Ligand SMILES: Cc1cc2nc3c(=O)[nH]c(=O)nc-3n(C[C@H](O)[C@H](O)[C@H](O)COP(=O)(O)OP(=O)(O)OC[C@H]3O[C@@H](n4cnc5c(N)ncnc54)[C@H](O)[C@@H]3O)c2cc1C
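Take a look at this single chain in structure tokens; it is the form predicted on its own.
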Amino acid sequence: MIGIVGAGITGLSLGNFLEERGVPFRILESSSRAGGVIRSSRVEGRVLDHGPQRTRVTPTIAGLIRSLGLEEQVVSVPPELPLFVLRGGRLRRVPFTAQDLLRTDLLSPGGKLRLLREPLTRGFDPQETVGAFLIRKFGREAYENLMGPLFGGLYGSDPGEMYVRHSLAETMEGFGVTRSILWAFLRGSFNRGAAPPAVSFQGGMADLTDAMLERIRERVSLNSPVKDLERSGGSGWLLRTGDGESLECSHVVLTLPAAGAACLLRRQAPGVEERLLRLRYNRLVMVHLAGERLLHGLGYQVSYGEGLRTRGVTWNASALDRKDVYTAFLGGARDPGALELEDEELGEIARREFLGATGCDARVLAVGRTQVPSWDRSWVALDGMTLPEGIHLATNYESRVGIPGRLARARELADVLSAGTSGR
């Protein structure tokens, strides 16, 4: 029996992959709902996502969509939609081709010339941050106006506090980038054209997790918080829930946030507990707006010199055909003080700054708060960390973030666990 603690996207996908392999498992979830950070709702008939807004369709995700019968519910993002950066009070188009790079007004002529030096620069240093790396490779102007906002926006983090080896290096490796990012961009292997298509679902991203839950519902226990983890016999483990239930497991997979995993490992792996508690999370505010007119594009990020509290805005209205819906993000590592404000004030800030950036007036539909792993300097705590035999971490802080990364990790772990159980 495989015990999985947490019914978020990783726990549910791991359960589905184990089900396909015929491996017995049980998922224990402390809350009354599955899906974790993936949550969708309807407000005034409009679909709102309170976590990830869309996902890239990797082969693993494509296969899962087919197996779950979700093909008819897929909403595809038009691949030609422009993306913008707000700089100098204006929305400026992000370049995705060599021709766009020559024409872009996000960079001055001097800034464009500085880019040409990039192929002559060396690769990253193990102790180099993403911010320092991108400034050294492309210059400060390109970093502050383009690359910093785009990369930092993926994590809600500050690239100046993120080591390349913990974040950007894996992305470059996945696209086959060895030394020159610019050369890979120009030849088309490291730009939007090389990325898998982006999609969501008619009822929001929760359609995916709901379908995964439905397939394995009899193996998922909601409202079942795990209170203790202890050894059982030689190499097995015992999970004890708050209502007194005990579950004997050959392997335990923790898909919890760092603090929750640390709590369960306190007695069995105190060194691991201390490391996990050092990991920092970035807190974010999501403000869903109903705009008065349709804007054409994916949305925009805000350059570092604008002095705004909005980090970026996703244009769900045009990207996902969500009537009037725009999702603004505030807070994060570069503005943690935003989280101290009341929801009403945060909503007004988002509405006002959105109007200033786009000329589109809007009203607030919902204000929510979430947190995401920062992948900053605190991630050195995981270097060299080892877990007790039979215990596994599968989370957005121990391997690649994003839904494709979560499913890839779940499939990889399902293969390992399947091989391990079949050999018993």
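One rule holds for the numbers: they count along the sequence shown, beginning at 1. It should be emphasised that the depicted structure is a prediction, and the values quoted were computed from it without experimental measurement.
One more form of this protein exists, namely the form predicted together with this ligand; it is left out here, but the text below deals with it.
- Checked against this ligand in the model of the complex, the candidates 225, 336, 88, 176 yield a single residue with a heavy atom inside 4.5 Å, and that residue is 225.
- Only one of the listed residues (203, 257, 160, 139) places a non-hydrogen atom within 4.5 angstroms of this ligand in the model of the complex, and that residue is 257.
- Stretch 29 to 37 is the answer when you ask which of 383 to 391, 29 to 37, 63 to 71, 357 to 365 has residues with heavy atoms within 4.5 Å of this ligand in the model of the complex.
- Although the partner is absent here, residue 374 sits far enough away that none of its heavy atoms falls within 4.5 Å of this ligand in the model of the complex.
- Proximity of residue 23 to this ligand in the model of the complex: non-hydrogen atoms within 4.5 Å are absent; the residue sits far from the partner.
- Looking at residue 58, you'd find every heavy atom of it more than 4.5 angstroms from this ligand in the model of the complex.
- In the model of the complex, this ligand sits beyond 4.5 Å of every heavy atom of residue 3.
- For the partner-free chain shown, 5, 6, 7, 8, 9, 10, 11 of 1 to 19 come within 4.5 angstroms of this ligand in the model of the complex, judged by any non-hydrogen atom.
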